[in-house]
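One chain comes next, on its own, written as structure tokens: the form predicted on its own.
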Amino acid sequence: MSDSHLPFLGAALAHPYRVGLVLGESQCRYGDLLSVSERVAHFLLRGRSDLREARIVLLAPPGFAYVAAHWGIWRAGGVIVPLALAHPVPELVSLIEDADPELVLVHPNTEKRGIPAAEACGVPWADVVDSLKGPPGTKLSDLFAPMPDAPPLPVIAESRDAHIIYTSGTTGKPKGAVTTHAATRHQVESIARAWEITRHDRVLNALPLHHVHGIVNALLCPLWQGASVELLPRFDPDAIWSSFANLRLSIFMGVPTMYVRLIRAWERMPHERRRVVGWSAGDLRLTISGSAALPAWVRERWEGITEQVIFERYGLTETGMVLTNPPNGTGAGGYVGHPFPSVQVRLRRDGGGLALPGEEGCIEVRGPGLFREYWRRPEETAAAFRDGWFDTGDRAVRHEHNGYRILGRESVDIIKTGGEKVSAFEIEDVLRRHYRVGDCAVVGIPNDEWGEQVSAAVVITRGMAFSTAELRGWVKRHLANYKAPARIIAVDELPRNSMGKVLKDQVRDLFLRAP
């Protein structure tokens, strides 16, 4: 078998008979992934020796085809551009036009949106399932066999681009973060060291595969180490509880919304079933949360059900993972711990200089795992860096023992009202502790007198009455008066993206449209 000398192939080449993927009742060995990804690579090359960093859009659900195509794109010398399955056609068109790819790989489950989007951009498309088969006439029985007469695949330098992952767009139009193979390797190795991931782990991945969380943390990292990944085609709370009950898993990574839905599903179960699955989840080695702040009540409720401590971490599309609590469960609630190995972090004061412990500041990051640039946005790339440090746009405060506590994004979650800076995260955490509040989002609304007016959209627990005065009084009992929301509206649900992040621009629009 030809070898493109990419580091992520190391475990697969060393242990071809080890199970790499678990897909329902089926299992896929590393050797199978090597064989089929080689066929994908030759399908994409079509007689050429190297894709030379051509972008390939991948629009496929989690599964064998996704992983084989991902590996195949890299092995052919291409740059993978994974896009969200939930995007409507206009949004796909916008992202495909921006990425300017050579090809769009669609799946039978995504062709209704993917094909019209590709054709609207004038970009060729192909069925990812066809790419797995290799040359025309390949028999099904030969699908997992090596290709002895195939020309060698290109040797890929680590300095070359590996993928373009688009930011979530919660604070503006999505931007493509370009990351090299070397930076990806540093991200993976840093995660594996911090969380002690080895080939003996079995990771449950129910995350979308178009963001760093699902791609790097929960897929590439364990496969890089020779571990097994159980991939779910979509997030299904009952299926996840069943996987816990099988006692086959050691790590689960999720976002706060996932944990909320898992808790709600557990509460609907018969008593005996709840006892069994809750006890089984307690056998996990790690339960991790990221991509958004974890509400205190979720952390406490989960620990009550499973006796498992959810530990939080912090990272960005542009940086990979930056901060983490220790995997032994000793981290303090509300904190995201200390830097990952090889990652440097500092807090910059508003007026310049570095913030002292206990002082607020903007998080800046430096290290070998950072992205290279925003795709075709040189001015925005230059503006994002200061003397080699990446400006995350997030504010935090650092304490010596517990590490960093995230206060929110400067442009969205830091509200400037009456000359004071207020953290939306802090107010949201207090509101969520009220028994009437199921969820909430706090934003700043332009106001002539105050600059910005603290405003909260709340999801009221079903069957309960809604009282603005009661909720404002609740916040005032826990925080300074000026932090209490001046406006509160009740909503059925909060607008979120596929990673569970609240779309605060849309929340702000709710207030701007309200009388």
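We number the residues from 1 along the sequence you see. All of these numbers come straight from a predicted model, not from anything done at the bench.
What comes next is about the form predicted in complex with adenosine monophosphate, which is not displayed.
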* **Heavy atom of each of 181, 197 and 288 within 4.5 Å of adenosine monophosphate in the predicted complex** => no
* Structure fact -> Only hit among 312, 98, 161, 426 for heavy atom within 4.5 Å of adenosine monophosphate in the predicted complex is 312
* Structure fact -> Picking from 394, 373, 201, 230, the single residue whose non-hydrogen atoms come within 4.5 angstroms of adenosine monophosphate in the predicted complex is 394
* Have a look at 429 to 437, 314 to 322, 277 to 285, 298 to 306 and name the one stretch with heavy atoms inside 4.5 Å of adenosine monophosphate in the predicted complex. => 314 to 322
* To do: Indicate whether adenosine monophosphate has at least one heavy atom within 4.5 Å of a heavy atom of residue 421 in the predicted complex.
  => yes
* To do: State yes or no: in the predicted complex, is some non-hydrogen atom of residue 336 no more than 4.5 angstroms from a non-hydrogen atom of adenosine monophosphate?
  => yes
* Are any of the heavy atoms in residue 409 no more than 4.5 Å from a heavy atom of adenosine monophosphate in the predicted complex? -> yes
* Looking at the partner-bound form in the predicted complex, is residue 416 within 4.5 Å of adenosine monophosphate by any heavy atom? -> yes
* in the predicted complex: members of 239 to 273 within 4.5 Å of adenosine monophosphate, any heavy atom -> none
* **Change in CA distance between residue 420 and residue 390 in the predicted complex, which is 3 Å or more, as closer or farther** => closer
* Structure fact -> One pair moves by 3 angstroms or more in the predicted complex: the C-alpha atoms of residue 416 and residue 390, which are closer
